[in-house]
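Next up is one chain by itself, shown in structure tokens, the form predicted alone.
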């Protein structure tokens, strides 16, 4: 009897121990999935401002119109009914549980490289670590023919490489970790690589810079003049975790969001690995870039000269120098060197690139970013969208370029500002697609006519 009790107690303790180990293992898997989700920046697209995390509904601006991000919480209106296989297909193949194809605004072409192990952890996190929210997202309604989701089948055949990341045995473990993070999870190329006529990434120009409609994702290849080849690994790490690289650049727009939601939360080892990989990406160069973007400009020699200029009767006719003095100098200083940790405009990459969109967008919408996790660095630049006209923004932008940056590109027009103010240039993709379909229809009709004529001739 005593032996039976001892055996029963031992079995019970063993069962409890196994359950505890299983629970600990599940928690570790969920936590790993949380980290992968953060590295993948899922929250940025699937959460509206002030809304529940991952509940969807956010409008993603594309050249063809708005695409609404779905609810990806484990709810009935989200992905609660998804099996692992369905979840995997959505993330790595761009196919929903109902068989409909996702648009590549969801970067599944990058997520296709996520390993099986990380996919299982990601699934565990979304099913067990995310709070379910019952909230339906609006349907995306793109114009014809892009409203036909089945068309993505052909696009995927052409441009989707469904193979998970394979380590390069000739490279170090650190480099491979950085490449995996950059190519798969952080999907750097989604924004920073230009796209072809069919909106697929041009891999021959990997990380060579691309327009996002309004903001511009700059060249971050290893080219010294056009990219970030002259940045040290330490400067890259500082930028990724704080949004600031001293004497070079500060994050703004979508990049500031990526750092706030994702990159600042990564381990220092992963940020270092990303820096190592970025330094190795083949250089993509522009012949027009004859010196690094952070080497343009110098402090204004006579910053007080503007004070001698008479003010116009109409304040709308103020010169670029007067506008700068009134709106910018209190933070960036009259000579452009900044003060008290505020960014210097001299040797600032935003004033050293051939593409000036980010300069205009920073003036229009301001720059708001604060990193309180790893550093105390923050930026809170006012937006002048409602304060200055298109002509005034062009004037002050050109003034800063002429005096603190790349003077040869100081030719921004009021019309260019107006385009950016209103969401960026219109895409040619829709008319091209419709023109192509029309041409195809004409060819089909001509072939039918030839066939009819030949039949009658027999």
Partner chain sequence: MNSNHSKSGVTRRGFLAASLAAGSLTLIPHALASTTPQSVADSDAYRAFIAVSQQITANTALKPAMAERLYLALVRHDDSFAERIKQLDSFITAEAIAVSELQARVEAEAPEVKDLPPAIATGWFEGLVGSGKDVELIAFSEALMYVAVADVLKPPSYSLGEYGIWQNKPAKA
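The shown structure was predicted, so the numbers you read here are calculated from the model rather than taken from an experiment. Residue numbers count along the first chain shown, from 1.
Beyond the structure shown, there is the form predicted together with the partner chain, which is absent from this document and is the topic of what follows.
*Asks:* Only one of 304, 116, 85, 268 has a non-hydrogen atom within 4.5 angstroms of the partner chain in the predicted complex; which is it?
*Replies:* None of the other options qualify; the answer is 304.
*Asks:* Out of 137, 329, 354, 174, which one falls within 4.5 Å of the partner chain in the predicted complex, going by heavy atoms?
*Replies:* None of the others qualify; the residue that does is 329.
*Asks:* Within 4.5 Å, heavy atoms only, one stretch in 295-303, 254-262, 121-129, 227-235 touches the partner chain in the predicted complex. Which?
*Replies:* Heavy-atom contact with the partner occurs in 295-303.
*Asks:* Should the three residues 310, 334 and 339 be counted as contacting the partner chain in the predicted complex, with contact defined as a heavy atom within 4.5 Å for each?
*Replies:* Answer is yes for this spot.
*Asks:* When the contact criterion is heavy atoms within 4.5 Å, does residue 379 count as touching the partner chain in the predicted complex?
*Replies:* Residue 379: contacts the partner chain in the predicted complex.
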